[in-house]
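Read the single chain below, which is given as structure tokens and is the form predicted on its own.
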């Protein structure tokens, strides 16, 4: 075995040890921060002199479960639909067809300039009534997808425009079509650059679904409100609500973080 091979193997071993130490330090520091947070939270709750009544919530666990399932299904459908809408709007804003480009600009700017609460009222009580759409789940999914899709379109567009023009010109020079250029050159790099922002937007989408309770959709927030009105245990009910949203959003953030690490490479 040559000296160069031995040196290379020794370098790999040292790097693995350093990464292992870094991971151990990460877990230790995370546990320390978690303990401090629990201690501060416990101290605050003790000072508040709250009388816990968790037993009042027990008969309504199925109501929470049904609301959580609705929120999870609604978020998954809206996530996929908003991603399609976002990419479509981003490509439309880069289109050579001027009416299509201006229409995309108007849609994005209108959605980003108005509150989601107003959009829910307009799309459900005016748009859905106009087409005789009575399914609140479908109406809520469409509203949430349009709202999130407008923000995703700007994230995707910034990622696309961040790709160097020299790479696009090189793709044209080797004979790639416009579709092939987007498929093999632009989209992989744009996705890599946009992943952190996309992950944040997807998490916001899950939390924004709570506003759909105003149209009577029986999702998790509506379930928590119902339980609170039945038991008068507002604090306990909304703590369960917070835990339910954490169960939805934390795995999504971790998945996006792992995907980001797998797509990272040296430039």
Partner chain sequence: MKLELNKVCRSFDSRHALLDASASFEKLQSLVLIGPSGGGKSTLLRIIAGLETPDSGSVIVNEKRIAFDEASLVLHRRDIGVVFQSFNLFPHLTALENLLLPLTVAHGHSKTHARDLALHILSRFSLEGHANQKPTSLSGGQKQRIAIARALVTQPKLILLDEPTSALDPEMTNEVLEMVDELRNQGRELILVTHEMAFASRAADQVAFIADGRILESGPPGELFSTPRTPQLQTFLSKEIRR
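As the structure is a computational prediction, the values presented were derived from the model and not from experiment. Positions refer to the first chain, counted from 1.
Note that the form predicted in complex with the partner chain isn't included here; everything after this is about it.
Checking 176, 91, 191, 103 against the partner chain in the model of the complex, a heavy atom within 4.5 Å turns up for just one residue: 176. This chain appears without its partner; in the model of the complex, the one residue of 155, 185, 111, 128 with a heavy atom within 4.5 Å of the partner chain is 185. The closest heavy atom approach of residue 169 to the partner chain in the model of the complex falls within 4.5 Å. Taking the partner from the other structure, the partner chain in the model of the complex has a heavy atom within 4.5 Å of a heavy atom of residue 180. The chain is drawn here without the partner chain; in the model of the complex, the stretch among 159-167, 114-122, 74-82, 134-142 whose residues come within 4.5 Å of it by any heavy atom is 159-167.
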